[in-house]
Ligand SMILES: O=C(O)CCC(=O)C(=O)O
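Only one chain comes next, encoded as structure tokens, the form predicted on its own.
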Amino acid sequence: MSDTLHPLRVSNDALDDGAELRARMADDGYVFIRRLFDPDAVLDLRREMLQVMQAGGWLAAGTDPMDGIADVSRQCTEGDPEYPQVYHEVYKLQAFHEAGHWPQILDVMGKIIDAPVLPHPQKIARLWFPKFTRHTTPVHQDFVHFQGSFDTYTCWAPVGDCPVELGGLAVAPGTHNVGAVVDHRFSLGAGQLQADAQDVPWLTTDYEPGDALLFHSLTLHKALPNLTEDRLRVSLDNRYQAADAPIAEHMLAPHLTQDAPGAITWDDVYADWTDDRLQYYWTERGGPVVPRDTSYSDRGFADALARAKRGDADARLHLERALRRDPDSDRGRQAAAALQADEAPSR
């Protein structure tokens, strides 16, 4: 690791001690566990996910899907209209959703939350192409995206080996103790929102199959760039909260359904499942459902509009994507107006 990256603290020694796990989460804002999950189960999931990506044309022809060798000409990411065409096929896998309910993570989250646990129905896969560092997920707090309760926790897990150069996750310990959402501005990368982080230590590791990084919704974190020549980075983002705590309504829908015409429904996701044990499981919970607060994304989009007018190339790309994705939406029309104004000849 470079001088700016430091190793994560491993908490396997506290797995059987709920009070200690809660203390470490309270102090550091994260808990890292080596091989929490069965590595064989993780690799089985990897094969399923990558076979779907291979069928969708994202992998180099003739390669073993387990190697995750990308067809770099197919680079795309969240926000690109073509990304859901393959992503949502991965999303339909029953095994992908089951991973968010593996007993090991429910046990640990139960100890940290110290109450009955609700896994969010909106599971997320992160599928990141190489040579695409412009789109690396920026520093942010998860709460701006997922909302509901501050005491919501993410479990990030690599689906396969994930050395530093492949672009795993890094956290800034103790940053959750601010107890509030910090200012975010526009950025490329997942979520399109970036927080400023000055003079904070960054912790990461060479992740292995089965590893799990758990962190609080206010903990600053970021992805590292995928610096490999040709390997896709595949990982899981699953979220957990107390069953009776508020949950934002958009977290009850499949991922990437906002601002996406023709997006999939839960019935689409479940169409080929072999059983219904996890279908609509959250409807029996008793906690409140709260409206989505769009102010975070609205400010980010307004910032992108302002930056595009100043000639910012990343902001222009963001607006071009919004226009391609849904030209008839309010944001699509705003993007079109901003791009046209920028291209108008000066007088």
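Predicted model only: the values in this text are computed from it and were never measured. Numbering starts at 1 and runs along the sequence shown.
Note that the form predicted in complex with the ligand isn't included here; everything after this is about it.
Novice: Counting only heavy atoms and a 4.5 Å cutoff, which of 199-207, 215-223, 264-272, 86-94 contacts the ligand in the predicted complex?
Specialist: Flagged stretch: 215-223.
Novice: Quick check on this chain: which one of His255, Arg231, His184, Arg239 has a heavy atom within 4.5 Å of the ligand in the predicted complex?
Specialist: Here the answer is residue option Arg239.
Novice: Using a 4.5 Å cut on heavy atoms, which of Leu169, Val159, Met109, Leu118 is close to the ligand in the predicted complex?
Specialist: Partner contact (heavy atom, 4.5 Å) among the options: Leu169.
Novice: Report yes if any heavy atom of His250 sits within 4.5 Å of a heavy atom of the ligand in the predicted complex; otherwise report no.
Specialist: Although the ligand is absent here, His250 would stay clear of it in the predicted complex, with no heavy atoms inside 4.5 Å.
Novice: When the contact criterion is heavy atoms within 4.5 Å, does Asp211 count as touching the ligand in the predicted complex?
Specialist: No, Asp211 stays farther than 4.5 Å from the ligand in the predicted complex.
Novice: Consider Trp128 of the chain shown here, and say whether it contacts the ligand in the predicted complex, taking contact as heavy atoms within 4.5 Å.
Specialist: Residue-level check for Trp128: yes, a contact with the ligand.
Novice: Taking heavy atoms and a 4.5 Å cut-off, does Thr137 contact the ligand in the predicted complex?
Specialist: Because a heavy atom of Thr137 falls inside 4.5 Å of the ligand in the predicted complex, the answer is yes.
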